[in-house]
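Shown here is one chain on its own, the form predicted on its own, set out as C-alpha cells.
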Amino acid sequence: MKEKGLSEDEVLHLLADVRSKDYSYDRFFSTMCTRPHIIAVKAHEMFLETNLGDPGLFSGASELEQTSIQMMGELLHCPNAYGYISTGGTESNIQGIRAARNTSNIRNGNIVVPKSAHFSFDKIADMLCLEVRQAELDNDLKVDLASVESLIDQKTVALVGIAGTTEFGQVDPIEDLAKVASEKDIHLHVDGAFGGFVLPFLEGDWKWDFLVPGVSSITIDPHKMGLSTIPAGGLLFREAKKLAALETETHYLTKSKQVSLTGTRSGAAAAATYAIMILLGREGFRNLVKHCMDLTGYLVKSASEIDLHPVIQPVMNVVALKVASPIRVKEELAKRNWHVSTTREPQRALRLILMPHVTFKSIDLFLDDLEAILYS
C-alpha cells in the first residue's frame, strides 16, 4: 500500500483494466453459474452492508433470509423447512453432513456417496474426519443401490444422493436411497445444488426432494439456475433438531446462537434470492428452465448432424458429448476462446452447460469451431 492513494477515476480505470482480463460469459459452456438477473443485482446493492451473522441488528435482512428459506422449502415440498442462506453448495454440503454426524453420536464414522459426487465431499472427509466411501454408478451414471448397501455399516452417519450431477446432470434414485436410509435410520442428504432450481420446473414426475420420506436435508443453489448473485446457496432440513445440531454460542452478538459455518454473512445474498423468486414466480422459472432445455435439445440435435452424441440423453441442461481426446479438444477450443470442461474417467467427454447466458447463435458458432477442430 502506497503512502498516498489514487483518485477515484484512477482506481476505477485500474479496476476496468483488470476486469477486462476475465473471460466473457458469452463464450462459457463450462460453468453452472450465469449472469444474475438485474433485480437480484439491485437487491444485492440495497443490502450490501447488512450482516446476517448478527441478525438482531439487521432484522430486515434476516426476515428476507427466512422468507427465502420458506419459499425454497415450498418449492421442495416442505414449507416448514429449516435452514439458512449459505455461500453455496460446498458450504451446504459440509453443513448437511456435519448435522448428520452431530446427531448420530458417531465419531470416526463414514458417509456413502456416489462416485459422481462433487469434490466438496473430499473437503468434508478432511474437515469432519469422516471416511468417504464411493459407491459405483450404473450404466446410466446413477448411483448403484447394491453398491451403496454394500458400503453401509454401523459407523455410517449419512448417505448422499445427487439431484443433478455436476458432470452429467443425472439424478440418482433418491426414493430407493431414502428407503434404505429410513430402514437403517441414517440421514439422507441430497445435493441438489444445480438441480434444485431445475427439477421442480421440468416435465415429468420427479421424486427427489422432501416429498420423499427419508430425505433429511437438501442443498440448493440460488446463484446457479436461481439467477441470484454470488455467493448465494441454500441448506434446508426437514427437522429443526438437525439445524440445531449446528449451533454455536455467540456470546457478544445480538442472538446467542449461530448455525452457519461462516460468522459474518452478507444479507445481500438473501435479498437477491428473495427478489428474484418473488419477481419470477413459478411461471417465470418454468419459462427459464424451458428455454435452457430448448437450448439443450438444439445442441444435441445439431451435434448429431456432425456425428457427435451425448454419453447419456440429457436429463437437464447438462450435456456430455463423446469425442476422441476430449482434453486435447478442450485445449483447442480454448485457443478459439471457447471455455468448456471435461468429465472424469471412465466416461471422458466434453461437458457443456446450457445456462441462460447461452444463445442459439453461440451454439452454432461453437459447433462450427468444434467441427473444424475434429474433422479438419
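Since the structure is predicted, the reported quantities are computational estimates derived from the model, not experimental observations. A residue's number is simply how far along the shown sequence it sits, counting from 1.
Another form, the form predicted in complex with a small molecule, is not on view; read the next lines as being about it.
- In plain terms, the part of the chain that comes close to the small molecule in the predicted complex, with a heavy atom within 4.5 Å, is 30 to 38 out of 30 to 38, 61 to 69, 328 to 336, 309 to 317.
- A residue is said to contact a partner when one of its heavy atoms sits within 4.5 Å of a partner heavy atom; His118 meets this definition for the small molecule in the predicted complex.
- Proximity of Arg351 to the small molecule in the predicted complex: non-hydrogen atoms within 4.5 Å are present.
- Using a 4.5 angstroms limit between non-hydrogen atoms, Arg265 is distant from the small molecule in the predicted complex.
- Among heavy atoms of Asp221, some come within 4.5 Å of the small molecule in the predicted complex.
- Three-residue candidate spot Gly88, Gly164 and Asp191; every residue lies within 4.5 angstroms of the small molecule in the predicted complex by at least one non-hydrogen atom.
- Between the small molecule and the residues Thr156, Thr296, Ser216, Asn93, the one pair within 4.5 Å by heavy atoms in the predicted complex involves Asn93.
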